[in-house]
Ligand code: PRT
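To begin, one chain is listed below as structure tokens, in the form predicted on its own.
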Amino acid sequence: MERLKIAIQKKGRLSEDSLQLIKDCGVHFNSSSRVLRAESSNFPIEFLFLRDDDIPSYVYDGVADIGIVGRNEHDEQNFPLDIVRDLGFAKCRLSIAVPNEFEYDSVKSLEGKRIATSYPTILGAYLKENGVSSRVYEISGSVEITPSVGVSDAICDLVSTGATLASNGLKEVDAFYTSTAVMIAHPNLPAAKKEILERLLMRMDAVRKAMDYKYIMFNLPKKHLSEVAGIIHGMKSPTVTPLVDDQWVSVQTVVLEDLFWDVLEKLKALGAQGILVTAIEKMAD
């Protein structure tokens, strides 16, 4: 059987979110932390569990057909791969940080300075874009300590809360790059594997779209029905069912998660009652 090979980070939050998304797509597999390779029992896909910084090269070399990785790893390694989906999770930022006593006005303040980073490609492009000439030192780990030991004047690193920077006497001054998880693919997949990939993407799109919506049902005075369509902004026209009391109707529709509380307040103002809200597991056009 032809199988699509997907490379997944073997541990960490990105790995957990990636595997959960695939499980939500109805794909069954063994995700034990002790295994480095697994096959799905009900979908033509094979999993390779790797270090995150190895994933782009494995896809480029054809060892894996696709992979899920942080955009920062994809952009830093700069292999000619296709980004087939931005998955939205595992969001982080790449930032410039300097010692607390460093007077930083803009990226121009880094002119002639030494900057330590694990992302020389991304940082180099940013400096070039802004016409800044700095000495960039590639460091594989513990970037935060380099200013205190005299290796660098500033650092460029991934930041989440900023607590690690603060504990090393640093301040974040320029969050210039944002990364999320992306699905990358080899640009020359055979037709059979492209077909499997499209099937997987269709399932992923249905799962991810459902996350953005809530399904709501409520009873409403019939006289306010025409006003509801302008409030709910649902997929299409809501489903309306007559009730025993002919002055009332039951309405079923979907509402964007970001708009839900505003919609709820407006429905209550129109006299809506018995409002029931449920999560949506899957949604396809």
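Residue numbers here begin at 1 and follow the sequence given. Computed from a prediction, not measured in an experiment: that's the story for all the values here.
This next part talks about the form predicted in complex with phosphoribosyl ATP (PRT), which is not shown.
Student: Among Thr161, Asn100, Asn78, Asn188, which has any heavy atom within 4.5 Å of phosphoribosyl ATP (PRT) in the model of the complex?
Tutor: Checked against the cut-off, the match is Thr161.
Student: Of Ser134, Ser152, Thr117, Ser179, which one comes within 4.5 Å of phosphoribosyl ATP (PRT) in the model of the complex, counting heavy atoms only?
Tutor: By the 4.5 Å criterion, the partner-contacting residue is Ser179.
Student: In terms of non-hydrogen atoms within 4.5 angstroms, which of the given stretches 250-258, 49-57, 214-222, 35-43 touches phosphoribosyl ATP (PRT) in the model of the complex?
Tutor: The contacting stretch is 49-57.
Student: At 4.5 Å between heavy atoms, is Lys91 in contact with phosphoribosyl ATP (PRT) in the model of the complex?
Tutor: Yes, Lys91 sits close enough to phosphoribosyl ATP (PRT) in the model of the complex that at least one of its heavy atoms falls within 4.5 Å.
Student: Contact with phosphoribosyl ATP (PRT) in the model of the complex for Leu14, defined as at least one heavy atom pair within 4.5 Å: yes or no?
Tutor: Residue-level check for Leu14: yes, a contact with phosphoribosyl ATP (PRT).
Student: My question is simply whether Pro238 lines the interface with phosphoribosyl ATP (PRT) in the model of the complex - judged by any non-hydrogen atom within 4.5 Å.
Tutor: Pro238: no contact with phosphoribosyl ATP (PRT) in the model of the complex.
Student: Is there a heavy atom of Ser95 no more than 4.5 Å from a heavy atom of phosphoribosyl ATP (PRT) in the model of the complex?
Tutor: The answer is no: Ser95 has no heavy atom within 4.5 Å of phosphoribosyl ATP (PRT).
Student: Sequence order please: the residues of 57-79 with a heavy atom within 4.5 Å of phosphoribosyl ATP (PRT) in the model of the complex.
Tutor: The stretch touches the partner through Gly70, Asn72, Glu73.
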